[in-house]
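Have a look below at one chain only, the form predicted alone, in structure tokens format.
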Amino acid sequence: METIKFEYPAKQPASGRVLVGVVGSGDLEVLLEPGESGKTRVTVNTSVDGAASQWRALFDRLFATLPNAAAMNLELNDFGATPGVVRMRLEQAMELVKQQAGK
């Protein structure tokens, strides 16, 4: 089991909390909550050791396309999810945050 942490610049805090996915074989759980203004913190708990560079590349790409992202704390609990599942769960979480902000 490995824990990997990243930090990215952000705007104002997200408007609510989100939970998508499950911790189970080949899946991923994403917990998102409002963060400190100006920062997004990412914590990945993964069953796959030695994959920090792949996780960094994924989040670097994601946040490069979200220059106005809300400040949040993201916790990912991974149990061997494929890149497609990871991306899908992150997109689900981001979409739910946008919906909450629009209320």
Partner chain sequence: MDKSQNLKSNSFIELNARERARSILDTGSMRELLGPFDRVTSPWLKEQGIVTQADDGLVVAKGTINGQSAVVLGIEGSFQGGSMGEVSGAKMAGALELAAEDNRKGIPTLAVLLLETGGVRLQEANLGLAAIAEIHAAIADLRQYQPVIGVVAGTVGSFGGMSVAGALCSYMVVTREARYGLNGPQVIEQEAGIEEYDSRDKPFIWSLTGGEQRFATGLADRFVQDDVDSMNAVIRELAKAGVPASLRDQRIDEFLALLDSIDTNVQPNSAQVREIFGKGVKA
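Residue numbers count along the first chain shown, from 1. The model shown is predicted, which means the values in this text are computed figures rather than measured ones.
Same protein, other form: the form predicted in complex with the partner chain, not shown, and the subject of what follows.
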property	result
Candidate site F6, A52 and E95: all three near the partner chain in the model of the complex by heavy atom within 4.5 Å	no
Touches the partner chain in the model of the complex: D60 (any heavy atom, 4.5 Å)	no
Proximity of E36 to the partner chain in the model of the complex, heavy atoms at 4.5 Å	no
4.5 Å heavy atom contact, L90 and the partner chain in the model of the complex	no
is_contact(L32, the partner chain) in the model of the complex, heavy atom dist at most 4.5 Å	yes
Members of 61 to 82 lying within 4.5 angstroms of the partner chain, judged by heavy atom, in the model of the complex	E75, N77, D78, F79
